[in-house]
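To begin, one chain is listed below as structure tokens, in the form predicted alone.
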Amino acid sequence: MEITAIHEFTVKIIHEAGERIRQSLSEKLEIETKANANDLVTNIDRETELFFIEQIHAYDPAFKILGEEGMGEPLESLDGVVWIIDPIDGTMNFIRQHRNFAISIGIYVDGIGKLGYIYDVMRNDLYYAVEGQGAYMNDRQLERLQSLPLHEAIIGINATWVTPNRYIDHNKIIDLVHHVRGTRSYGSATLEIASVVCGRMDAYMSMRLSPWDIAGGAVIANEVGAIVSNLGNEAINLEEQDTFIIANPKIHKTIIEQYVHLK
């Protein structure tokens, strides 16, 4: 796989897809529910995923594609070149706010992340990384993350973490919230990951994310020194849903060991 050519091609189709999405905001959306009433999908999610599939297969029909809306082929493994795509991460925001949503793409070869992209569609900000070549926001290279103590950290969690739930001991998370400098929640996992890799936040956690939520961001994270894992401090799983954390390397282990008690 010719990395430079693939990168240039990917940037091109991401920007094309972003323009198509922006234009769609003046149209009436077709909205459906998936797993539950808050798990939404629109015709634009599906049309955008189909656009990527058509473009990628025209470039090389041997490439495999795993997409959130299931329009790619079923994958039995991560062998070969696999594109992991979320056409619109933050569909609720897309529908209600017309902002705070993103396109995410991770390109993996035999399970190893080679290229990663998060595109903030409405701000026209593209975060990307090529393995071993650093991470960028648009044309500006991102610095490697600097160490900081936990009490100075801003972490991304939503309100569910501090209420009784079936995943974690919420009382320990309340302790964490009291200890850190602040919390944020934007409603888009990929944009929360982007906030960590560029230093606007210092950690982001989720009780359940899918491969397309994290595949692109994980590649970018590696290039700035952020640590990604599940909440058991195990390697991320790109074949099924799992818990997730990305954090500044200084605080990753502390958060997991002292504040995350899985049920």
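So that there is no doubt, residue numbering starts at 1 and follows the sequence shown. Everything quoted here is computed from the prediction, not taken from an experiment.
Only in words, not in the display: the form predicted together with another copy of the chain, which the text now covers.
Heavy atoms within 4.5 Å of another copy of the chain in the predicted complex are found in exactly one of 95-103, 128-136, 71-79, 111-119, that being 95-103.
Proximity of Leu142 to another copy of the chain in the predicted complex falls outside the 4.5 Å heavy atom cutoff. Of the heavy atoms in Gly199, some are within 4.5 Å of another copy of the chain in the predicted complex. The shortest heavy atom separation between Lys172 and another copy of the chain in the predicted complex exceeds 4.5 Å. Although the partner is absent here, Val180 lies within 4.5 Å of another copy of the chain in the predicted complex, judged by heavy atoms. Residues of 154-185 that come within 4.5 Å of another copy of the chain in the predicted complex, judged by any heavy atom, are Ile154, Asn158, Ala159, Thr160, Val162, Thr163, Pro164, Ile174, Val177, His178, Val180, Arg181, Thr183, Arg184, Ser185 in sequence order.
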